[in-house]
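For reference, the chain that follows is the form predicted alone, supplied as structure tokens.
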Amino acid sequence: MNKNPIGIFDSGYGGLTVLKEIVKQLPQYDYIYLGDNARSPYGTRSFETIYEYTLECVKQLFDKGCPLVILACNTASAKALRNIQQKDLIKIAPNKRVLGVIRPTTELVGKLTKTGHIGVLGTSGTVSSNSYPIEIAKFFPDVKVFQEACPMWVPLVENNEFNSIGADYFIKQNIDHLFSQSNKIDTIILGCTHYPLLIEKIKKHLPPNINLISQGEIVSGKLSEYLTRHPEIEQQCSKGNNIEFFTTDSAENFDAAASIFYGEAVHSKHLSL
């Protein structure tokens, strides 16, 4: 039987935190993870470049048999997903689907806030796209959204400095900036899949009783619902409990860092674009 895995794409390592939760909830399927580490980070790149890179990687996953691809990257979800869904799929793979991580989060977040003030911590690319305010407004038009770009957080994580004193400095600075916009914020979205590795330090610098939303569990739950609602896609997904990892950079370097995100040893292969 041919393998038709579910594809999980990220610009680097962060999507492994999402894959980990998806596999925990839906272990029966086959998966392929692709990290575009050779061109990471995406967060500071232009809309056009992010779209071009993301589409190229989606096509690679389609070529490997994936009937469904999850963009486990907030920047790619913000700047490439809509174009791929609306313009490209009909031309390159009309029977396949691409989903992101922003909409599942925004469908839920308004139900958690009591003050109606929500904060978003994300990369510069995600924040500048305004994807979170736009999507939240569709479901919860009365909710106010305040954003803070955290350009140092991804480098801290990827350089294994997330437990350092330097990490505390930048995390506190960004959180203070966020709350300077509104002291009524009671719910915060971690709008980058790297940020769960910083969660203990983030909590340390937050006021008590803040709802802190990490995307992995939300996305895995929504994926389960999606597959139930769309049997025509679910039936294409092979079920062999297999996971393959690919990176566009050095497989050796990827494996060394990926275990931090995934929580266990990872053995990847290099993929040339």
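It should be emphasised that the depicted structure is a prediction, and the values quoted were computed from it without experimental measurement. So that there is no doubt, residue numbering starts at 1 and follows the sequence shown.
Just so it is clear, the following notes concern the form predicted together with ligand DGL, a form of the same protein that is not shown.
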Taking the shortest heavy atom distance, is residue 41 within 4.5 Å of ligand DGL in the model of the complex?
yes
Close approach of residue 120 to ligand DGL in the model of the complex, 4.5 Å, heavy atom
no
Taking heavy atoms and a 4.5 Å cut-off, does residue 131 contact ligand DGL in the model of the complex?
no
Consider residue 192 of the chain shown here, and say whether it contacts ligand DGL in the model of the complex, taking contact as heavy atoms within 4.5 Å.
yes
From the candidate stretches 86 to 94, 69 to 77, 135 to 143, 177 to 185, select the single one in contact with ligand DGL in the model of the complex, where contact means a heavy atom within 4.5 Å.
69 to 77
Considering only 122 to 154, what residues come within 4.5 Å of ligand DGL in the model of the complex, judged by heavy atoms?
123, 126, 154
